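Take a look at this one chain, the form predicted alone, written out in structure tokens.
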């Protein structure tokens, strides 16, 4: 085990080789980036298996690798619901039912599909909210990267030599990571991002599999892990009858409706960040298989990214055992503010003052985002540590590149070309796309500081999804499967959904928080057991409001004629026939197998 917590030359060499390799891919592809289509959409030339792994890796950013481990430590194995309930069913749905509309309509983005199906104002609203969401998400990745550099003390020595305060390490890390990502995306556009995402997928697996193995061995295997943790932390569905009986602080309805339906389908079916990878596939068949191919490794990723959080929690001993009679959530709270020696979960530190953050009782609050970096330092020797850190860097590059490539496409096509200059040359839009890349990275820097206020980056990420993706899914669901939906209904439905999310968040607050960015900035009429519970209900209110308002206004306004909706609405689109391909290439058959395996995992960890 690496107790020295010092990087050796071999660790730096591995990271340098990685950076050289990914930048080399960008340089090789740069000569092929001659048009805006090649830079922004990869000219629809990506094979299915490459698009599938990129579809998964685009979501496998630092916020997932670090954030899911943080959620594993904070909420237990119930975090697996973000995969087995909150991802796989929606990925199957988008592959079977929604990709024919996206790919067949020849739309270059999700907002562009909204233009074809509804009208300009609906497209514009989605384009602007999506651009904001990608900035927030890429900012979270940037924050995670800075947190990693700060935790590993990479810059401590040169800062001491220069006489600079250690509190500047975080800020310099933000700027440095922004410059690295900017150079990476600027070279090869979407094609470079996709092929690097495939490389990053394999690096993440290679870097985290040994960490899980060593951690499980240290804690005594799965049986030892179960013995060290409260029951609710090792059972996915235990205590879901009441929000006070499980670590997530939710009951089964808000879990299934909020996460399993609204947030899950809202993200995987409408978020251009991931849909863009499938739309870059080289055929309709490949585009439909892309999410299904991604679903296979996706269902196994809880064992790579959630288990480290559980292991860290099991090895973090509280200062004293909780009094008898307290529930499991109380036991978890005791662990959260524990004082430990050689803890794998560090206390949260204010990036401005360098002081440890404490709760209202004066106890240090643990920063779950430090789980993965500290476990790498604890378990990996030199060389292996370099591989593990490279895996983290890969996840950061993956998430950041995915968000920025989606941002520059939407801003170039759906905002700039639509409203600022409609008749520009392709070379002009090519230059604009590169400018939007620079702008996206710059705005992400500001978002990184906003993310620093949360001790679990998955909480803020789910909040952003609740505002943007939740109401958008209601719009898509009605637009694709009810031809009576009108542009006015879609637009005002989206506005109402976003307003409902803001109102709910402004009137509610997670337990133990103070009014502010976490809610309650209007008034506090309800307190939720956890931030995640608040996020789920915010999503439910946003989706329901958008759904109902869209229906009401659509019934009161004139619909478009059927001949204008062919290929855009399910009832007016020719069905895809798969009889001439092998069974494993048929999306419906493939999807049924994936859903069956996911159900089996839920039963095993029930």
Partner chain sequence: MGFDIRIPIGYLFTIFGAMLVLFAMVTAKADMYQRSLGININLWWGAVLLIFGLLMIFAARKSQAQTQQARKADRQQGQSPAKSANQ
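What you see is a predicted model, and the numbers here were worked out from it, not measured in a lab. Residue numbers count along the first chain shown, from 1.
The same protein has a further form, the form predicted together with the partner chain, not shown here; the description that follows concerns it.
Novice: Answer with yes or no whether residue 590 is in contact with the partner chain in the predicted complex, where contact means some heavy atom within 4.5 Å.
Specialist: No, residue 590 sits far enough from the partner chain in the predicted complex that none of its heavy atoms falls within 4.5 Å.
Novice: Would residue 437 show up as a contact with the partner chain in the predicted complex if we use heavy atoms at 4.5 Å?
Specialist: No - in the predicted complex, heavy atoms of residue 437 and the partner chain never come within 4.5 Å of each other.
Novice: Do residue 594 and the partner chain come within 4.5 Å of each other in the predicted complex, heavy atoms counted?
Specialist: It does not: once the partner chain is placed as it appears in the predicted complex, residue 594 has no heavy atom within 4.5 Å of it.
Novice: Test of understanding: in the predicted complex, would residue 45 fall inside 4.5 Å of the partner chain by heavy atoms?
Specialist: The answer is yes: residue 45 has a heavy atom within 4.5 Å of the partner chain.
Novice: With the partner chain left out here, work out from 64-72, 560-568, 22-30, 545-553 which stretch has heavy atoms within 4.5 Å of it in the predicted complex.
Specialist: Heavy atoms within 4.5 Å of the partner chain in the predicted complex occur in 22-30.
Novice: So which of 218, 242, 527, 105 reaches within 4.5 angstroms of the partner chain in the predicted complex, heavy atom to heavy atom?
Specialist: Contact with the partner chain in the predicted complex is made by 218 alone.
Novice: Go through 424, 297, 515, 381 and name the one with a heavy atom inside 4.5 Å of the partner chain in the predicted complex.
Specialist: Spelling it out, the residue with a heavy atom inside the cut-off is 381.
Novice: For the spot marked by 198, 202 and 377, is every residue within 4.5 Å of the partner chain in the predicted complex through some heavy atom?
Specialist: Checked in the predicted complex: all three residues contact the partner chain.
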